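Heads up, the chain below is alone and in the form predicted on its own; it's given as structure tokens.
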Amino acid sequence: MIRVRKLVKRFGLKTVLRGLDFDVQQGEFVAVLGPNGAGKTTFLRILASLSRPSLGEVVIAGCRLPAQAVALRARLGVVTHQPLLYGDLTAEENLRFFARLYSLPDPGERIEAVLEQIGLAPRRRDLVRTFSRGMQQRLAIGRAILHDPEVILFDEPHTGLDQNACDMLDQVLRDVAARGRTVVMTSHDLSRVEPLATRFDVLDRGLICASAAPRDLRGNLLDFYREALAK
């Protein structure tokens, strides 16, 4: 579902990604772990077609980036650090707007289901600019899953969420995975990703330096992560 070869990303004289290779099969849930500055957000932005690679090959769901970015976006859901919502629209209006962009037929029932799933049905008619950071993140998650995309990218999605919202997100992730969707999520919270992911990749200094499935972990995820960074 995702194929990345020799991916390089430079910002001026600084090289953030240094020939990175990455493959994800359909239905996998890959947690990309790494310290601050490792290149996780840059990598996810390239997968989301929000940033162009300097060099290398990126193919997602058969679409080659950046040339086929428009075709890919209809098959992709993305949650970034910024909610990227319309503050002067209500929660329901935001979802209805994106439903039109995704050409969802009769979106009312789907919007209602998503609002219930993310716990915002009681606030559906409130302007998004009145929402807390955590509530906006909830709505961004709802937008990402609204059109039931084949591939969903989450960049540190638990950031800014309270405990109840984190539990909601975990359930959303389980539901998405149960439907066979492909998920790539960056995270620094090992306790959150350990029960969810089917693979853990460690990104450090612009390269994937280690990869393991849960069954391959010799100890716990923290031990694996520490050993990967120490290499």
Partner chain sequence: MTRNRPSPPAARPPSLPPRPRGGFGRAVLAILWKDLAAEMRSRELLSAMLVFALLVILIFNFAIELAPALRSTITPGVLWVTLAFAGTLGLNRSMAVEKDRGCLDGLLLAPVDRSAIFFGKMLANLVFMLLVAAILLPVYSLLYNINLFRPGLLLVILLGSLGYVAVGTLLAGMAVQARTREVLLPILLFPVIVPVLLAAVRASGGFLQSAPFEQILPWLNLLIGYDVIFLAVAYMVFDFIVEE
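Numbering follows the first chain given and starts at 1. Everything numeric in this text was worked out from a predicted model, so none of it was measured.
Absent from the display: the form predicted together with the partner chain. The rest refers to it.
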### Task
Report yes if all three of Arg52, Leu101 and Ala177 come within 4.5 Å of the partner chain in the predicted bound form by some heavy atom, otherwise no.
yes
Proximity of Glu194 to the partner chain in the predicted bound form, heavy atoms at 4.5 Å: yes
Margin query: Taking the partner chain as it sits in the predicted bound form, is Leu127 in contact with it (heavy atom to heavy atom, 4.5 Å or less)?
Written below: yes
So, in the predicted bound form, is Gln117 in contact with the partner chain at a 4.5 angstroms heavy atom limit?
no
**Asked** Quick one: is Glu28 in contact with the partner chain in the predicted bound form, heavy atoms, 4.5 Å cut-off?
**Response** yes
Answer among 32 to 40, 202 to 210, 161 to 169, 178 to 186 for heavy atoms within 4.5 Å of the partner chain in the predicted bound form: the stretch 178 to 186
Contacts from 126 to 165 to the partner chain in the predicted bound form (any heavy atom within 4.5 Å), listed N to C, are Leu127, His147, Asp148, Pro149, Glu150
